[in-house]
Ligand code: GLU
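What follows is one chain in C-alpha cells, specifically the form predicted on its own.
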Amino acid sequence: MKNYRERLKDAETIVIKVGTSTITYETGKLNLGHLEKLAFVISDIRNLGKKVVLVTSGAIGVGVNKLGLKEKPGVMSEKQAAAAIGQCELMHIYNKMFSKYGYVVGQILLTREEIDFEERRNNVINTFSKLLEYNAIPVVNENDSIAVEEIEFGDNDTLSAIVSKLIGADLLIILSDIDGLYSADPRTDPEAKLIPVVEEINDEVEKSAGGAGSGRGTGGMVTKLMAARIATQAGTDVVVANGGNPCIIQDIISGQDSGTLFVAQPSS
C-alpha cells in the first residue's frame, strides 16, 4: 500500500473541524483545556507557514448552557437564539486564546445561499483568501441564528468539506469523539478494527459506518463519510480522528498513523 500519510507533511492549506464533543464537557460547558491546546496547536502550525481554517461546532450547545437551559431546545426560534448567544461566547474565547500566540481570528458564518449563488460564493472565497493573506485564522460556523432548517448543511462535517472545496485545501482534519472508521461498530462488535487508510469510498466502506456518536453533537460516522466523499472528490485528503487531545493534529500533519485517512481522488 502506498504511504499516503507521508504526503500530509506537505499540506499547505489545512481545514480543521472540531465537533461539539471536542470543545465542551458532558455538562455542556466549554472545555477550556481543549480549547487552549487547540489554539496552541493551530498557532504552532501557522508558525510553520501553513494556512489554517477552523470550522467549529458548539454554538447552540454553548448558548444553551449560557442561558441556563436544562436541555437543547426543540423549537427553531429557541435554537436560533441559543446559537446567537453561543456564537458570541465561542468567538470571545477563540479570540482571547489565539491572541496569546499572536494571531487574530476572523468570523465567517455561512448558509447555503453563500454557497449556491455564484456571486456570494466568490465573495466568500475572496474573504477566505484575504484573511489568510493577513495571517488571520478564519473561524467558520453555519449561521444557525438565521438558518431556517438545521439541515442547511446537515452538520459541520459537511460544512467543513464544502469549505475545503471552496479554498482548495490540501488536507481536511475532522475531529470528534470517533477514533475513525472501523470495520464494524466498535460499541457492539469487539472484533471491530480501525481502518487506517481508505483509498476509495465504496459500498463496502459505507456499510462500515455506524450511527451517531456523542449526544452533544449532530454528526456520526455516516456524516463524516459524506464529508469525506465531497472533499476527496475535490482533491483534498481527509483524516477523521478523535479530538480528545487536540495535539493529535500535529501527529496527523507529521505523517503518523492517527485516525482514518481518506485519500484524495485524482482529478478526472
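Because the structure is a prediction, the values reported are computed rather than measured. Residues carry their position along the shown sequence, with the first being 1.
Keep in mind the form predicted in complex with the named molecule is missing from the figure; the text below concerns it.
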Quick one: from Ile60, Ala231, Val239, Val53, grab the residue that has a heavy atom within 4.5 Å of the named molecule in the predicted complex.
Ile60
Among 174-182, 111-119, 96-104, 135-143, which stretch has residues whose heavy atoms lie within 4.5 Å of the named molecule in the predicted complex?
135-143
Tell me, yes or no, whether Thr260 is in contact with the named molecule in the predicted complex, where a contact means a heavy atom of each within 4.5 Å.
no
Thr20 within 4.5 Å of the named molecule in the predicted complex, heavy atoms
yes
